[in-house]
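Before any questions on how it binds or moves, here is one chain, the form predicted alone, in structure tokens.
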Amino acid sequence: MTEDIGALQKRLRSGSLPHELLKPGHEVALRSGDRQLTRDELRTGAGQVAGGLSDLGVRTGDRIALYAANSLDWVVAYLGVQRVGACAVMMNPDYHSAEAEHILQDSEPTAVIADADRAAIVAKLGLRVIRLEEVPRAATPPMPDLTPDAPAAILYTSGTTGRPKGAVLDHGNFLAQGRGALEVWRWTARDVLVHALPLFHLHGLGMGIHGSLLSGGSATLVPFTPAAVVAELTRNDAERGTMFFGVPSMYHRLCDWLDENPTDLSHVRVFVCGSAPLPPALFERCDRLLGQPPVERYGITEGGIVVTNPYDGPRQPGRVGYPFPGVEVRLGELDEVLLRGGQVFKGYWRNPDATAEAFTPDGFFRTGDVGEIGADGTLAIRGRIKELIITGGFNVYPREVELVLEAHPAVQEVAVAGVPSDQWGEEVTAYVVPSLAARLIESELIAFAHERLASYKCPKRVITLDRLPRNAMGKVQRSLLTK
């Protein structure tokens, strides 16, 4: 008998992060360079950090910000924050002073754990700084009584369409996300994840770290370069990677490297790609060079990975697949993707108006993404409602135009946006990073589009760029294109 959706959501949400992530064991849980931590060492370290934070006066429910680059110490500190029952505020280590100030003023943390490169920024804001290199340790305190509804972390939206908002995710949200990943990607204790994603982000944290610990497997932290990733994927049999998660820009660079340095990666069990659309041409290139196409998936800050292409069965370019276990997907007005499930958050930090606006009366979260559900039940993302271009009274979704232009051999990457126009209201404009393999001629690219799209959808201008402006997770920042 198929499990009832409500029972499934309850099962996936059950427990708390420290109980589930810090299981004892002698197996290696994390590696970075020459350093490694077993599950017992990770459990002990997190407990001692919790003790040190407790001695400093940190209590259950307090907020502790993490403002540091990827490292094993970051992971231990994060797990210590969870172990003491506090709520972790995630911060992009690339944030400059003004960006950090907004998040820290909004979240009002009790303290900020920052590494040496960022501690001075926090100190100037008058907040309590705990140096990551000097996080105090003490006797492990009793395990706090945390329910699945207890706040676990505040993650700030990317801010591509406005000021970042703090999404409050609870323990149940994270556990449902991680357990769902184990089911759909067949994650087991035998797996080694090569982890090159930012730890402050849901892809790297909620899937990468949480998934590795929940599965009983291990993760190897590595700064992203194609050579470093391939080295970890091909090291000795006991430690070589069996999984890799990345964003399209990473796969572009990985494929460029593999073109020059052919490598047998047939032992890698699964490559996962998301956080930005995967162009069909790159999908095919990965299939050739990696030995399989990546599993493209769709996720949001407010709910983690919610839709994925199947591990078994066909992976379709341009489509992000089927709902995660316990996630319900439907389309609303303007074909907006709506979500409900145990891994979807309940609201934004101290922002009741934004929270009320974000949900339908029956509890579905409004993603702001435009989708299309095929006859086979798979979802495709066609763009953002706020990125809708209205030209001459017609609606144009940028992603539809981008998919066509990406098929042209002179186009390596492209982003489409609307530019104000006295005649049309907005002009469809293509911002293109040319391919080295073919010459880009504006009139030819526009003619190429006219052969495949209705006239009003075709770009009126083509602007060439050396690179597209992207945020830390590879999403194009369209607002910067039209400035």
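If you're wondering where the values come from, they're calculated on a predicted model, not measured in any experiment. Throughout, we count residues from 1 along the sequence that is shown.
There is also a form predicted in complex with a small molecule; it is not shown, and the following applies to it.
Does the small molecule, in the predicted bound form, lie within 4.5 angstroms of each residue among Ala276, Asp369 and Arg384, using heavy atoms as the measure?
Answer is yes for this spot.
Contact with the small molecule in the predicted bound form for Tyr298, defined as at least one heavy atom pair within 4.5 Å: yes or no?
Result yes; Tyr298 sits at the interface with the small molecule in the predicted bound form.
Test of understanding: in the predicted bound form, would Lys165 fall inside 4.5 Å of the small molecule by heavy atoms?
It does not: once the small molecule is placed as it appears in the predicted bound form, Lys165 has no heavy atom within 4.5 Å of it.
Please tell me whether any heavy atom belonging to Ala88 falls inside 4.5 Å of a heavy atom of the small molecule, as the geometry stands in the predicted bound form.
Contact check for Ala88: no, nothing within 4.5 Å of the small molecule in the predicted bound form.
Contact between Val320 and the small molecule in the predicted bound form at 4.5 Å, heavy atoms?
Because a heavy atom of Val320 falls inside 4.5 Å of the small molecule in the predicted bound form, the answer is yes.
For the interface check, one of 106-114, 298-306, 75-83, 264-272 should have non-hydrogen atoms within 4.5 Å of the small molecule in the predicted bound form; which one?
Careful reading of the contacts points to 298-306.
Pick from His201, His210, Arg340, Arg315: which has a non-hydrogen atom within 4.5 Å of the small molecule in the predicted bound form?
Going through each option in turn, the one that passes is His201.
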